[in-house]
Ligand code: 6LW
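Okay, here we've got a single chain as structure tokens, the form predicted alone, with questions on binding and movement later.
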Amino acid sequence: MSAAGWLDCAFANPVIPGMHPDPSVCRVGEDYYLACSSFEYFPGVPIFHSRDLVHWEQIGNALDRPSQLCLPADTPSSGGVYAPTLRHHDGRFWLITTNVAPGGGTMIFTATDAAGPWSEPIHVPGVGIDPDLVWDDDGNCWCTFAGIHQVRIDPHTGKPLEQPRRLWSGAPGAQAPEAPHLYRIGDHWYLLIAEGGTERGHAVSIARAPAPDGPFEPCPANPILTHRGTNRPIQNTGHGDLVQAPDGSWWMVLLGVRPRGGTPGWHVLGRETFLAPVAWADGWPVVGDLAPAMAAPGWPPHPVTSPSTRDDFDAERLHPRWVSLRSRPDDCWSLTDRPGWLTLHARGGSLDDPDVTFVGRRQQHLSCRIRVLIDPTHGSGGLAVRLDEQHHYEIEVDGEEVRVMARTGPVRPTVGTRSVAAGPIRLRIDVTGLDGWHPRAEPDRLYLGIEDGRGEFDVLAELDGRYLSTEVAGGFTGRVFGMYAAAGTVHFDWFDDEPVV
């Protein structure tokens, strides 16, 4: 597609909905690859592929082995893996990221195929979060990281070749200069950074220099992207990465949120991946609208929600979209113990525990219906929507009783119960996003209950969604729906995630 056609096409942001923050993108020929942060979830660093920057498919996770990613039980929620940078150089993919969990650090991984397998980690001492890699024409590898600091390294060993130095750090006095990416474009080296913090003040700024180590001249129009102080439906915009298409057009992937409800506005899906066109004027990038409105002929508008996703657990392995908390030991789950079912063996006793046996996927729709068929004959477990250990709702089956529990901070009441017959049962959570505004309006409501064979929904509890939001709980993550085992062994025949429009 020509640059003009791309700029005229209608695609609805976000292009990767749900908790997919800190996107980093690279192009190899006609193909684009993108990586995101994964925090306390295992496997880590989801990898996506696209041919047009709009339609993305997850093809794997870069860190899918315990030897690559150690997240001990004391890894806090919103700890773990931060802000990867994904690049392609000299015939290989390079990924650098930081595990902020105890015993972690900054590491480099390589692969010949972005889908994996990825290498064992190469540790990079002395480099902080948000690391970036770029190579100059002389073969030097420059690593820039939050602060904003820079050091030349040997990427094959991780060894620093000099002491880190400070670079340009954005607007004077601006908080949290981070997320640096360095590019050689034309005759200049451009340093793209985020600043202003990851909340409503988030912004993207840029500077340029004649060499990768400076001196850097800031863009007179900085910040080149921010939605702070506006009423736009997409907020917290920042942490961008630039990529050039084969036709010469330029694009930026970035994170943002979609706050809902009253004041202060609650975002519940986490920080998502958005796309914006980029033009150039006087040697500086100009970032366009995040939601183009005019559709090019023959180009269907991209839906803001992904299609229904059902998993019958008939495959030989779990799809890469499935994540667990901190680890996924082989003895806690199986697709073969009961063929056609996902079997979970309990470790921790509830979602309050950091090592609970949990298999989930990110919430991607503002309104949705989540259903599972569970057989709790030999244990207890259920269906949960989780933000962290202190903020989660779940519907659990124990013997012949179903109960709904709502953990909000230090409080964990049982808010609904029902006696049921022994054997398999359908559990269901409906999320209804609310569009009306009132100063104290919640962003959405969650309905938890059981479903009969005809699809009739018996609601046991209706809960306020704001308590499962970053604005209430803090941190950097979004909601994850998942199946869990609280005691013994439980089996799940299928999981269905359906958007509700």
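If you're wondering where the values come from, they're calculated on a predicted model, not measured in any experiment. Numbers follow the displayed sequence, beginning with 1.
Heads up, the form predicted in complex with the ligand isn't pictured, but that's what we're talking about next.
Q: Is F39 one of the residues lying within 4.5 Å of the ligand in the predicted complex, judged by heavy atom distances?
A: Judged by the heavy-atom cut-off of 4.5 Å, F39 is in contact with the ligand in the predicted complex.
Q: Find out whether any non-hydrogen atom of D130 is located within 4.5 angstroms of the ligand in the predicted complex, and reply yes or no.
A: Answer yes; at least one heavy atom of D130 falls within 4.5 Å of the ligand in the predicted complex.
Q: Should E396 be counted as a contact of the ligand in the predicted complex, where contact means heavy atoms within 4.5 Å?
A: E396: no, not in contact with the ligand in the predicted complex.
Q: Using heavy atoms and a 4.5 Å limit, would one call D241 a contact residue for the ligand in the predicted complex?
A: Result no; D241 lies far from the ligand in the predicted complex.
Q: Pick the stretch from 31-39, 55-63, 452-460, 433-441 whose residues have a heavy atom within 4.5 Å of the ligand in the predicted complex.
A: In the other structure, the partner sits against 31-39.
Q: Using a 4.5 Å cut on heavy atoms, which of M252, L387, I374, A179 is close to the ligand in the predicted complex?
A: After the contact test, the surviving option is A179.
Q: Taking the ligand in the predicted complex as the reference, which of F93, Y82, F274, F145 has a non-hydrogen atom within 4.5 Å?
A: The option sitting close enough to the partner is Y82.
Q: For the heavy atom contacts within 4.5 Å of the ligand in the predicted complex, list the residues of 454-493 involved, in sequence order.
A: Read in sequence order, the lone residue that approaches the ligand (within 4.5 Å, in the predicted complex) is F476.
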